[in-house]
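The chain below stands alone, shown as structure tokens; this is the form predicted alone.
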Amino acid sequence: MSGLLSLQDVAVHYGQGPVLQSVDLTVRAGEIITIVGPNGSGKSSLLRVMTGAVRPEQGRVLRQAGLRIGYVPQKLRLDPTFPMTLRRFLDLPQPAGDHAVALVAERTGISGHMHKQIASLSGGLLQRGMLARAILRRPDVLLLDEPTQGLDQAGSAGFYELIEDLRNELNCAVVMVSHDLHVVMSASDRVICLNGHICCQGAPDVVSTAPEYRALFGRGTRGTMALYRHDHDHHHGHDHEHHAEPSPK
């Protein structure tokens, strides 16, 4: 196995139908991979396969021995009435030392908020809190599921800059699901276009010109890209027969 984490011919089914089919993907140290695709294309499921939370019906998931994974979910599923400070949240699932917590809190910009209740945090602070928890144990692979959902453009840009800095400091791989296509094209080493299977993948400039990508996202793929919003589901029904995987030249 070359790489930190490798998926080989992975398939996932929920209920009657397949969510993912024939997925081959290798994550290498230090690279930023962004996964794009329409709603229902299997992006979150793919991340959960990587974490081990979902077992594939078919195929294999290979992880480097001792691999540490940090995961920032799309939503935090906590009872809003349950009292929990941000500092206590960072101790889940096991207590973290004060020194380590202070370092990641400073790095993610949450130091002055440790006493606040999780339920009272703004979207941006909560995202940074989840990121702090994910990097506490210095992961080899950092997985982020739409980490800037609900943040404004300035908040999103700041978050992506922080991710890039953390990648350099920790030398970890980053795999993130994103709808921010204009950011993806500048921040990623590799873009994977997913629609139940990998439609195409490669360097951002290769993927942005691929017909499989344009079938899903239209032709606004050069220069400053428009945000792909959740209400753009009318692209979901486009041709599913694209299997070409253009490689970076």
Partner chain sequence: MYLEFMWIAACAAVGMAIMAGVLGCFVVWRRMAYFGDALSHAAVLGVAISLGFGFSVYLGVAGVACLVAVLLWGFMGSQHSTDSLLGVISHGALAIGLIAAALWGNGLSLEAVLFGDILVLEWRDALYIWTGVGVIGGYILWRWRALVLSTLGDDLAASEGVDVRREQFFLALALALLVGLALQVVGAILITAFLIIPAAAARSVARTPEAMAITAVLVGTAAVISGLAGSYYWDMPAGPSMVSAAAVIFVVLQGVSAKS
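Positions refer to the first chain, counted from 1. What you are looking at is a predicted structure, and each value in this text was computed from that prediction instead of being measured.
This next part talks about the form predicted in complex with its partner chain, which is not shown.
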Taking any heavy atom pair closer than or equal to 4.5 Å as contact, tell me whether residue 128 reaches its partner chain in the model of the complex. no
Is residue 53 part of the interface with its partner chain in the model of the complex - any heavy atom within 4.5 Å? yes
Is residue 109 close to its partner chain in the model of the complex, meaning a heavy atom pair under 4.5 Å apart or at it? no
Is it the case that residue 73, even though its partner is missing from this view, gets within 4.5 Å of its partner chain in the model of the complex, heavy atoms only? yes
Out of 135, 157, 103, 84, which one falls within 4.5 Å of its partner chain in the model of the complex, going by heavy atoms? 84
Taking its partner chain in the model of the complex as the reference, which of 214, 197, 28, 48 has a non-hydrogen atom within 4.5 Å? 48
Among 86-94, 159-167, 172-180, 146-154, the region lying within 4.5 Å of its partner chain in the model of the complex by heavy atom distance: 86-94
Could you run down 99-126 and flag each residue that has a heavy atom within 4.5 Å of its partner chain in the model of the complex? 115, 116, 117, 118
